[in-house]
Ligand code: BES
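Shown here is one chain on its own, the form predicted alone, set out as structure tokens.
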């Protein structure tokens, strides 16, 4: 949690996508079972990640896709994947945010920070499982090169997106990271993001939002959060919400209007997660405190993620016991 807090609290002129990649590479150097790979913008372009790349278009800071592979389990065991939103500063882009409290947008990479913190914990606990962390990192700035409202981009999945609001950028980086996760044939995928102000309206500053396409995974995460005192609450993600994302000009729009904003953001991501068990944690309300001496990153949801991974180890051991294996 300390690592996640420190990363969250660093100012945007220090904690850039490049800085996050350096942190991940440094963790690789400390752990033999961990391998970090950083995809640069040209490599992402070759893969067709034009949604992720569109977010950093207006910034001088290059975007990064940071991939950390921890191999503590048996070879061939399907990995559990963690995906973090790493927007190191979010001005909103051309859809510029109000100036008041914009300094807090250095915290828009707290999803990535919690994933990196969980990976550090994982290496120190030396858990006997396979885990992959994917951090999608960019800086969202307005400039003459920046993506404009109404622009259409093609995602890695081949689906096209009409960007109606450049401040709904987290889902644009996450969707390509989620498609990239398919190559690992994951057992589960959990993404973590400071995604919507609507989540703060719904749940305040105490409880993270949880949305999922898999009841078993959702229940497991809720239980992990309860046990670790890092609680989440599940919101619905029904098909009836998907039509809010209809676009006249592309396969999908990146916003669905003011109603159910947290749910429609997850509905957007759900279009890129049909091939695996997936859950989404919206930590916009719990990732940092805004007030006085308490102002700063909280380090949430490192405890929930760590307990989730610990539970996977326990489940694996129970399955082995059921098969009569010694360990």
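Because the structure is a prediction, the values reported are computed rather than measured. Numbering follows the first chain given and starts at 1.
From this point on, the text means the form predicted together with this ligand, which you will not see here.
Colleague: Here the chain is shown alone; which of 284, 269, 302, 263 has a heavy atom within 4.5 Å of this ligand in the predicted bound form?
Modeller: Filtering the options by heavy-atom distance leaves 284.
Colleague: Taking 4.5 Å between heavy atoms as the contact cutoff, choose which of 108, 176, 120, 230 touches this ligand in the predicted bound form.
Modeller: For this set of options, the contacting one is 108.
Colleague: Would residue 150 count as touching this ligand in the predicted bound form under a 4.5 Å heavy atom rule?
Modeller: Outside the cut-off, so no.
Colleague: Determine whether any heavy atom of residue 191 comes within 4.5 Å of a heavy atom of this ligand in the predicted bound form, and answer yes or no.
Modeller: Output for residue 191 is no: heavy atoms all beyond 4.5 Å of this ligand.
Colleague: Quick check on residue 90: any heavy atom within 4.5 Å of this ligand in the predicted bound form?
Modeller: Yes, residue 90 is a contact residue.
Colleague: Classify residue 97 as contacting or not contacting this ligand in the predicted bound form by the rule of any non-hydrogen atom within 4.5 angstroms, answering yes or no.
Modeller: Output for residue 97 is yes: heavy atoms within 4.5 Å of this ligand.
Colleague: Of the listed stretches (196 to 204, 120 to 128, 209 to 217, 242 to 250), which one has a non-hydrogen atom within 4.5 Å of this ligand in the predicted bound form?
Modeller: Checking each option against the 4.5 Å cut-off leaves 196 to 204.
Colleague: Counting only heavy atoms and a 4.5 Å cut-off, does this ligand in the predicted bound form sit next to every one of 85, 167 and 255?
Modeller: Looking in the predicted bound form, the three residues 85, 167 and 255 all sit within 4.5 Å of this ligand (heavy atoms).
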